[in-house]
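So here's one chain in two forms, each on its own in structure tokens, numbered structure 1 and structure 2.
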Structure 1
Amino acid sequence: MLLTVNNLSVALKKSSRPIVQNLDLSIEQGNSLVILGQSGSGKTLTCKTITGILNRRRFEPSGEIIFNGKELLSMPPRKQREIYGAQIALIPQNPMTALDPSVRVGKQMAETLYLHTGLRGKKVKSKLLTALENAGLDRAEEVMQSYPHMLSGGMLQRVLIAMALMVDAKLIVADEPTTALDAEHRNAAVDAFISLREKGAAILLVTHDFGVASRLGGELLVMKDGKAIERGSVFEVLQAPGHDYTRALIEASRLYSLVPERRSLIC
């Protein structure tokens, strides 16, 4: 088991009110887990805790996060830096704020690659171009020469996906990675995750899109009010949900898809 989360809770320090409560999850190497739930269910907070970017001045986590046999919550920051970014890659929810607006995309990618892999020299450009193309960006050379503000939100999202692809991370944590993408590029992004999974990476993907969940497959965990209320394979849960909340989410997505301008968003 590559990632095991035991009894994870996250509370606001000022009130001690738990936002994520007693969460258990696990992902095997070469497998995927989709976390699904409405806004405010604790999905993003869970991702932030697992990837080490939780604001410890505001939130207090407890429990265990065991990655590749090592417990992360109690690990010193110096040791954490050896894992986060290189072995655990995060694709954040908002691509517009994830990159430095004053630095060209290619330079930022090259710096990230060097920081986590030590790779530099002639091989760098080829690896960057390949990663961008695999993330669905056709004009990869042009993208590398661009500043972030010159690219659309969807293109920036694919740049972040490319950055996760290029470091060969063992675990990819993707928080709503397809929200800014149209149907064609959304499918291409999910296919990139499937390709990574086939190469041995584990994928933890947060989404509210049932089409994305269905296309990726693997295991599914449904969250509500900070708790896991249903889990199983994607196919089993979506075909025969056992919880009223899951059934309500599925029905809501079907109604949403009937609105003409939304048909490309939810399958």
Structure 2
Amino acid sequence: MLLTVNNLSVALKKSSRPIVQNLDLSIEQGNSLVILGQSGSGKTLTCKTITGILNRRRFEPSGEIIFNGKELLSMPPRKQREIYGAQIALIPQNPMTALDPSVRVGKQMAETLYLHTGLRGKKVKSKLLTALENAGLDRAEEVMQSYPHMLSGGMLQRVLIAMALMVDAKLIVADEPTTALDAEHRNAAVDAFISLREKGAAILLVTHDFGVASRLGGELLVMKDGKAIERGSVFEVLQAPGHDYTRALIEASRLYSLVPERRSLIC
């Protein structure tokens, strides 16, 4: 197993009310896991805990996160930083605000690359260009020279994917990667994750969108109020949901998606 999460709970420090309760999950290399739930279900918090960006002043995590045989939660920060960004890459919810607005994209990529591989000088540029092209960006040279505000959300997301590619991240955690994109780019984004999986990376994708889950496939975990209430392969769950809540969610999302479908018929 690449990532195993055992008995993870996350509680607010002030109230000690757990927001995520006794969560177990695991992902194998070359596989994907979709965490599905509505807002407030604790899926984003889980994602933050795994990628090490949980605000430790406000939240108290407990349990175990074992990545590649090492326990992450109890690891000293210096050691943790060698893993985050290098082996575990995050694709954040809003790509538009994820990069420092005052530094050119290429420079920020080079900064991360240097930090994790020590690579600098002439080799860096060709490596960054390859990564950007592999992530599906055509004018890679131009992208590197741009400031984040000059690029669109979809392009920035590809930049972030390229950053995962350039360090050969083993696990890619994507937090609602499709919410900030318009419908056209949604499928393309999911396809990008599929191709990452084909290259051997493990994908952990958090979403509230059944369409995204069914396109990506793989394993599925449904969360409600901080607990895992259903798990299995995406297709099994969608075909025969075992839990009333899951059934209601699927029902609701079908009703909701009726509107755009009709529209597309008219057009």
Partner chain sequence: MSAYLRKRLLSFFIVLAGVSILSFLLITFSNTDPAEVIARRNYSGATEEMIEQVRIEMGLDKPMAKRYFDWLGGLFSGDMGISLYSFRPIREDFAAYFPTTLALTGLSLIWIVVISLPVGLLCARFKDGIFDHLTRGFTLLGICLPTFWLGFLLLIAFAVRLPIFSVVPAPGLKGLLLPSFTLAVPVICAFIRLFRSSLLGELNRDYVVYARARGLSPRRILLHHVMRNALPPIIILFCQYLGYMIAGGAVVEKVFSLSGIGSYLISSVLAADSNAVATCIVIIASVFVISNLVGDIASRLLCPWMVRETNV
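Bear in mind the structure is a predicted one, so any value in this text is a computation, not a measurement. The term rigid core refers to the maximal set of C-alpha atoms that superpose within 1.5 Å between the two forms. Quick note, the numbers are simply positions in structure 1, starting from 1.
Structure 2 is taken from the form predicted together with the partner chain, while structure 1 is not.
Two rigid parts turn against each other between structures 1 and 2; the point where they join, the hinge, is Gln93 in the list Ala188, Leu115, Gln93, Pro241.
A rotation of 10° separates the smaller rigid part from the larger between structures 1 and 2 once C-alpha atoms are superposed. A C-alpha shift of 4.2 Å is found for Lys125 between structures 1 and 2, based on superposition of the rigid core.
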